[in-house]
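Here's a solo chain for you in structure tokens, the form predicted alone.
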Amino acid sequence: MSANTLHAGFVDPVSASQAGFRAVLDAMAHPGRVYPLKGPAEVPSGLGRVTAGVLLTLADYSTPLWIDPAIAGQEGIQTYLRFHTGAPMVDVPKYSEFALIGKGEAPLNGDRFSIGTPDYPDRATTLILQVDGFERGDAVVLTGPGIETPHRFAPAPLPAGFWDVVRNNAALFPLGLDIILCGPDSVAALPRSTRIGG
């Protein structure tokens, strides 16, 4: 496609959004469990199909979106997400409701994002990370609500310091960040209540 071509969104927005919402909801309810999810057929380079599907499902005009500078400048990503979600783009991570993090090992600083307030814990940022898969990285053991028995989870690639962010995040509960990880054809999540076990 040419640089001036806008990639299409969902072919069937209603059913696709319902399926996407169900997958994300299930992933949040069962941390570290992987759920299949289909995204739009074509998306801008640098934006995964599942990632696009999650954002087209969750983001709208009322949810400010911050995009990692590592991918924000890639051709068409901001235009695509702005057009299909209506989400306002923000330059300051702490003002975002959703934050899109690209693949790679650049350090992740959780302090840059909003963890909510005691009166409004729901005003925290949800991080959306792109990964290549859920079995290729260094495994950790997850525990916490929604996890019947501790199990191993190994997404990759992850930003440097990612698991430290998750450990520190759990100590902030009920405040804290929620995290959605988007693979090539599936999604998993680490809500703020998730703990890293031994």
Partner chain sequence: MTAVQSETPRAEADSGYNFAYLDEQTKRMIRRAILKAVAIPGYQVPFASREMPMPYGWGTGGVQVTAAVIGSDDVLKVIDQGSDDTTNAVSIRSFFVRTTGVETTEKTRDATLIQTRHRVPETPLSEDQILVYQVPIPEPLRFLEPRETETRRMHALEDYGLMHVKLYEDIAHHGHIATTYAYPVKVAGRYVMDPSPTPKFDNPKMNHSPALQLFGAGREKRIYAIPPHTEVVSLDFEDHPFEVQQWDNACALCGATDSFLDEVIMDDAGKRMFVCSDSDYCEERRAAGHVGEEGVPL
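What you see is a predicted model, and the numbers here were worked out from it, not measured in a lab. Residue numbers count along the first chain shown, from 1.
If you look for the form predicted together with its partner chain, you will not find it shown, but the lines that follow are about it.
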property	result
Contact segment among 168 to 176, 66 to 74, 152 to 160, 129 to 137, judged by heavy atoms lying within 4.5 Å of its partner chain in the predicted bound form	168 to 176
Non-hydrogen atom contact Pro145 with its partner chain in the predicted bound form at 4.5 angstroms	yes
Partner proximity in the predicted bound form: Ala188 to its partner chain, non-hydrogen atom cutoff 4.5 Å	no
Residue contact check: Asp111 to its partner chain in the predicted bound form, 4.5 Å heavy atom	no
Proximity of Pro88 to its partner chain in the predicted bound form, heavy atoms at 4.5 Å	no
Candidate spot Val34, Ala52 and Ile101, all three touching its partner chain in the predicted bound form (heavy atom, 4.5 Å)	no
